[in-house]
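The form predicted alone is given below as one chain in structure tokens.
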Amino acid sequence: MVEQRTSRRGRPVSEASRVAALGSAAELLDERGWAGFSVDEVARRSRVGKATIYKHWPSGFALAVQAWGERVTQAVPTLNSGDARSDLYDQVVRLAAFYRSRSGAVAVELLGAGVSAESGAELIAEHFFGARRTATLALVRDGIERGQLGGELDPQLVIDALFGPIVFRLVNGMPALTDSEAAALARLTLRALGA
């Protein structure tokens, strides 16, 4: 009865349900990866009905990507200390380390699943890369304005050149970059980007 009365008001129960489902989805992905993920299990753990889950997300994949995307964004935040070259170098090394972790392995599973999932590319772009890419674009633009990076660079291509190889290796079945390989990649690319 109380739950029904509260649910008529809408938002508080809806937001609580959304947060609970996201938390349970992240917990399940951490334990079982994408292969062991199911909306049924998220509903059981979160005590949120499947119908409510599907009001928030069009698919289990959309729920999983949002839940894990928050983890990716928190694990590898974009820093902007005023030294764009140093910050970009650091971000390449930290991102490579993330992809060597268990959390990174789950991210790769979701990247692969996104190829065939409905709206997969859009969901991945928004939840995995959106916030960090926006922050990194600002970092690159600041670096160009300060003369720390070449003046005629396309900031979007700078990001692709620095971070694309990290993910490219993984989706091609190669091992994640080691710290020393990531550092070498960052030095090589930043040298090419000039000042």
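Since the structure is predicted, the reported quantities are computational estimates derived from the model, not experimental observations. Note that residue numbering begins at 1 and tracks the sequence as displayed.
There is another form of the same protein, the form predicted together with a further copy of the same chain; it is not shown, and what comes next is about it.
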Answer among 22-30, 145-153, 37-45, 56-64 for heavy atoms within 4.5 Å of a further copy of the same chain in the predicted complex: the stretch 145-153
query = in the predicted complex, does Asp83 have a heavy atom within 4.5 Å of a further copy of the same chain?
reply = no
Decide whether Phe163 counts as a contact residue for a further copy of the same chain in the predicted complex under a heavy atom distance cut-off of 4.5 Å.
yes
Point to revise | Any non-hydrogen atom of Val108 within 4.5 angstroms of a further copy of the same chain in the predicted complex | key: yes
Requested in this report: Indicate whether a further copy of the same chain has at least one heavy atom within 4.5 Å of a heavy atom of Ala138 in the predicted complex.
Outcome: no
- Item | Heavy atom of each of Ala75, Asp87 and Tyr89 within 4.5 Å of a further copy of the same chain in the predicted complex | no
Taking a further copy of the same chain in the predicted complex and a 4.5 Å non-hydrogen atom cutoff, the residues of 113-134 making contact are Val115, Ser116, Ala121, Ile124, Ala125, Phe129, Arg133
